[in-house]
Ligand code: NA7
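In structure tokens, the next block holds one chain alone, the form predicted on its own.
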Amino acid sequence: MSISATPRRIGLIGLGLMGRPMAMNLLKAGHALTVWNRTASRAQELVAAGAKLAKTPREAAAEAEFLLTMVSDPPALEEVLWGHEGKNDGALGGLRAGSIYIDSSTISPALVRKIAAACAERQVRFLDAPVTGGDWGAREGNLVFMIGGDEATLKEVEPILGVMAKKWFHLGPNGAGQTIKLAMNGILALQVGAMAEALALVIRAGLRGEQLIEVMQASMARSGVLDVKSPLMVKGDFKPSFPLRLMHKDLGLMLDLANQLGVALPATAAAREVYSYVKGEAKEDLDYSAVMRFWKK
């Protein structure tokens, strides 16, 4: 679904596991990119490749026809957008009327609606556009975007999305993208948690985890995420592609939304308790597949 893009002025805020490779792909496509990150040193590679480093989120937004944010959680995004009291450094204050703002963080639908209202006051068009695909998808430009917002706005940003993604879905009004993203992450967390349980059982029985993986991959239980994660889980390789701390946060957001909607999610609630334990015990940043460590306690 990649679309060739006319060079545009883009601001990108958030240079973590996902944001940095997304930014690099935008640079490689010839866009004029201004970046900001709380830890400025993370921008060094991008600046060397031609990006401009902004001093504040507001400056990154003021330079841009299109602003993209990719930060860790709702508080981080609110700080980026509204800034610090008395400093006038928030990105919202820098956005020009007629510009387009795209948020690819994973946040709550309620915060999406708050942002949409703030953008409307400034005559800025807004899309919630969380992604799936992990850091490898970000590097390869193979992400999948889940879009909430106006369809005409989406059409305008498709050339930019095509630099970073293989596919995108228009799912409804603002908030729809985040709702689907939270549900998607629930599925991923439960699949990996189920595999961790099954591996714990098989290994305790004196069999090799690889035997279970081999049978799983020949059966209806096979899935893309388990193809990737299961061999790493057996090896104990938990280098973060999708950090456990973020999956834990997303499960909390999913349960909060479920409470608001009156939907019981017993499996998700149980899974979050397991993720909570492993997160509390971890001394380093781990991939969410490290949930397997629960059975080594």
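Not measured: the values here are computed from a predicted model. Residue numbers run from 1 along the displayed sequence.
This next part talks about the form predicted together with the ligand, which is not shown.
Using a 4.5 angstroms heavy atom cutoff to the ligand in the model of the complex, all of Leu15, Thr39 and Val80 count as contacting. Stretch 240-248 is the answer when you ask which of 24-32, 259-267, 240-248, 226-234 has residues with heavy atoms within 4.5 Å of the ligand in the model of the complex.
Among the residues Asn174, Ser108, Ser99, Ser72, the one placing a heavy atom within 4.5 Å of the ligand in the model of the complex is Ser72. When the ligand is considered in the model of the complex, only one residue from Ala76, Val215, Leu190, Leu207 comes within 4.5 Å through any heavy atom, namely Ala76. In the model of the complex, at least one heavy atom of Gly19 sits within 4.5 Å of a heavy atom of the ligand. Contacts of stretch 278-296 with the ligand in the model of the complex, defined by any heavy atom lying within 4.5 Å, are made by none of its residues.
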